[in-house]
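The chain below stands alone, shown as structure tokens; this is the form predicted alone.
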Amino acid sequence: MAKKVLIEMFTLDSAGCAPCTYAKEAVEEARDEIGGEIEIIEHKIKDKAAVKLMQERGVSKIPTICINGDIVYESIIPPNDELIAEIKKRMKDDGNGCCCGGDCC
């Protein structure tokens, strides 16, 4: 059973920052291709609350893409197939770091 995935993006603002726009588009394209329960939240560091959250999470560069709380991509736009694989891995994660329910580990 696929689990809900939370993708958080730390950006300057995807409306005005080209790399942030490309990162957001990559995440939305991957979500649309995969389907399922994928929530995307953009934390714009123009907002004080986002800066505080960025510090708490250890994010040091923008754009940063976090999946289920893990920093996965910092300051890069991931290739579509790689991003999709990362998301799918977390959709199957059993909570013990295993992506297949124990069949591979």
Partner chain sequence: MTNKEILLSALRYEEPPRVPWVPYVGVHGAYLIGKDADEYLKSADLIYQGVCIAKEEYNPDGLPIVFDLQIEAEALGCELKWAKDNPPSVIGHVLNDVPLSELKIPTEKDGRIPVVMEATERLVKEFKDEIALLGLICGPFTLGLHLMGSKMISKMVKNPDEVAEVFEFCSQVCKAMAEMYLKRGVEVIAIVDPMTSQISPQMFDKFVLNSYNPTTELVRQYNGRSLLFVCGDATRVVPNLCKVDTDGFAFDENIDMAYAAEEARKHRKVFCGNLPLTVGLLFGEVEDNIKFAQDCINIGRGPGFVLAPGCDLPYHCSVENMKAVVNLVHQG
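In this text, all values refer to a predicted model and were calculated from it rather than measured experimentally. Positions refer to the first chain, counted from 1.
This next part talks about the form predicted together with the partner chain, which is not shown.
- Though the partner is left out of this view, residue 29 does reach within 4.5 Å of the partner chain in the predicted bound form, counting heavy atoms only.
- Although the partner is absent from this view, residue 47 contacts the partner chain in the predicted bound form, with a non-hydrogen atom inside 4.5 angstroms.
- Heavy atoms of residue 72 never reach within 4.5 Å of the partner chain in the predicted bound form, leaving it off the interface.
- Shown alone here, residue 12 lies within 4.5 Å of the partner chain in the predicted bound form, counting heavy atoms only.
- Residues of 57-71 that come within 4.5 Å of the partner chain in the predicted bound form, judged by any heavy atom, are 60, 61, 62, 63 in sequence order.
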